[in-house]
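Form predicted alone, single chain, as structure tokens, below.
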């Protein structure tokens, strides 16, 4: 999938693919939402770019109904915007947006971790350590994009596993949404650098503190981890002239 000169969807040389089937569990609309979400988060679809419904429909070989359903889901996630007489557009990025996301992650995610340490069982502890092990054993090399994709997948799994024991579905929903919004910024940053600090050590310290039920330590480490990431991303955006 590529974008044409006006930033809208345009199919590549290959013919349209019809890889979406309603299997009774995931509608075509939800599958489209997942595909588009990944394209936006990864930067494949650039921030602020127009989404042309007719070109998108031909690219994915689907009707307008499931396409609109998928886009509606992304609007609720904050990744797509709709304006009367202008249509759909990938949500823009900005320093103010990043700062708000970072602040909310520090509050919601840290609270979810505290609740997970309070309520999580032995299975939760094991899941946290397994997620940590998978993440720390995965290479992240800016020169090899395929390693970034795998690392991002496991990084997301790690953060969601940390808070999975909180027992609060609404809270988890907000945390997932914030992670999606934050990933848009971090992935652009990681395509240019493999990181400027020992992130593996930070992840280990957070996980070890969590399973030890050291509430204040683990929560403080997670808050610092999120804040430092936000600062790095903010500095990166500033050098690119993004306000």
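What you see is a predicted model, and the numbers here were worked out from it, not measured in a lab. Positions refer to the first chain, counted from 1.
Although not depicted, the form predicted in complex with the DNA is the subject of the following passage.
Checking 78, 126, 87, 145 for any heavy atom within 4.5 Å of the DNA in the predicted complex turns up a single hit: 87. Scanning 198, 65, 46, 34 against the DNA in the predicted complex with a 4.5 Å heavy atom cut-off leaves one residue, 65. Contact between residue 53 and the DNA in the predicted complex is found at the 4.5 Å heavy atom cutoff. In the predicted complex, residue 204 stays away from the DNA, with no heavy atom inside 4.5 Å.
Among residues of the shown chain, residue 27 is one whose heavy atoms approach the DNA to within 4.5 Å in the predicted complex. Within 4.5 Å of some heavy atom of the DNA in the predicted complex lies at least one heavy atom of residue 83. Between 170 to 178, 36 to 44, 66 to 74, 213 to 221, the stretch whose residues reach within 4.5 angstroms of the DNA in the predicted complex through a non-hydrogen atom is 66 to 74.
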